[in-house]
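We begin with a single chain expressed as structure tokens, specifically the form predicted alone.
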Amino acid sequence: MIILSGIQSSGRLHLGNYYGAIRQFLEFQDEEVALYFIANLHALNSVRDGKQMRELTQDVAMSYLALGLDPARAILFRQSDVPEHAELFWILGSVVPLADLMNAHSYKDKVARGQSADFGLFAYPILMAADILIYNSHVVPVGQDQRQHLELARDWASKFNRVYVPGYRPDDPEGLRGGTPGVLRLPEARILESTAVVPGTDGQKMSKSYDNTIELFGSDKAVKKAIMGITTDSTPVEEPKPVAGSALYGLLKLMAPAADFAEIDRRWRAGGEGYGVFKKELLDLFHATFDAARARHDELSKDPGAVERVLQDGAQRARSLAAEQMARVRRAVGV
């Protein structure tokens, strides 16, 4: 079993990254092969400063390690250190219908929000597909918002196989019923529905793009400011608080142990306490959950050489897998 996922180095990691993805990654480290990459090529769509890119990439690596990723059990590496990603991106792109890219939800949403409609943003799903397919991945943990991109990766892998693999049958992609196995495996999504979308401080999905995050490794002051600034309505203190659409309620439900949340939920619905009380409880939950990792992050920041050695070793291990798959692709297309 090969499991793979990545995260962009376009900003500091936040609660949405952890509960939407990284917490799952840590649980998957005992899979046969677990690869986690820092998607710094994708991040070029939003980070246009070389020094900042290097710093953010290093910070993401430290954050993974601080949160418990074990490089002895999983492969952690920079996307840019494995050039096969970019090579497969180009070859795969030669069979991708333009309409698929034009209709991608993420592209249309980001352009509508004012992001520049550059080629990198437009072709983002192809590079994401190449990231997945270059390792013959079986399973890809993704957020709900990335489901379409994984479906596109499956569609394009199937089209590539139909074009370049004689005897390939879409109804028998692994060749288990007499067909020829595809060169590109069709990956499966693994989505944890209960935490697929983490609410941000403004009630939208938590995202660096929306500037509504609670950073995992921000200063104590910055974390407190973000949590105490969570948007709430004007319900009087004595009244029951509404549940639907409440970012604060959603984050409490996400972070509190089930037994503790049952009591929080009772008090929330009973009224008699202001939102400030619940925000302070969320702040306490944050520190109880992440202070050990925050201390580890501080330690790693003092030894960047050790972090770099982890990334270099991970790149070497990842590239050995990618090279095998790339050789099969090259043979298939004749280059």
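A residue's number is simply how far along the shown sequence it sits, counting from 1. This one's a predicted model, so the numbers in the text were calculated from it and none came from an experiment.
What comes next is about the form predicted in complex with a small molecule, which does not appear here.
Asker: Give a yes or no on whether each residue among 42, 124 and 132 has a heavy atom within 4.5 Å of the small molecule in the predicted bound form.
Answerer: Every residue of the candidate spot has a heavy atom within 4.5 Å of the small molecule in the predicted bound form.
Asker: Which of 285-293, 55-63, 266-274, 34-42 has heavy atoms within 4.5 Å of the small molecule in the predicted bound form?
Answerer: It is the stretch 34-42.
Asker: Given that the partner is absent here, does residue 146 sit within 4.5 Å of the small molecule in the predicted bound form, heavy atoms only?
Answerer: Within the cut-off, so yes.
Asker: Find out whether any non-hydrogen atom of residue 142 is located within 4.5 angstroms of the small molecule in the predicted bound form, and reply yes or no.
Answerer: The answer is yes: residue 142 has a heavy atom within 4.5 Å of the small molecule.
Asker: Is there a heavy atom of residue 4 lying 4.5 Å or less from a heavy atom of the small molecule in the predicted bound form?
Answerer: Contact with the small molecule, yes.
Asker: Hey, in the predicted bound form, does residue 128 get a heavy atom within 4.5 angstroms of the small molecule?
Answerer: Residue 128: contacts the small molecule in the predicted bound form.
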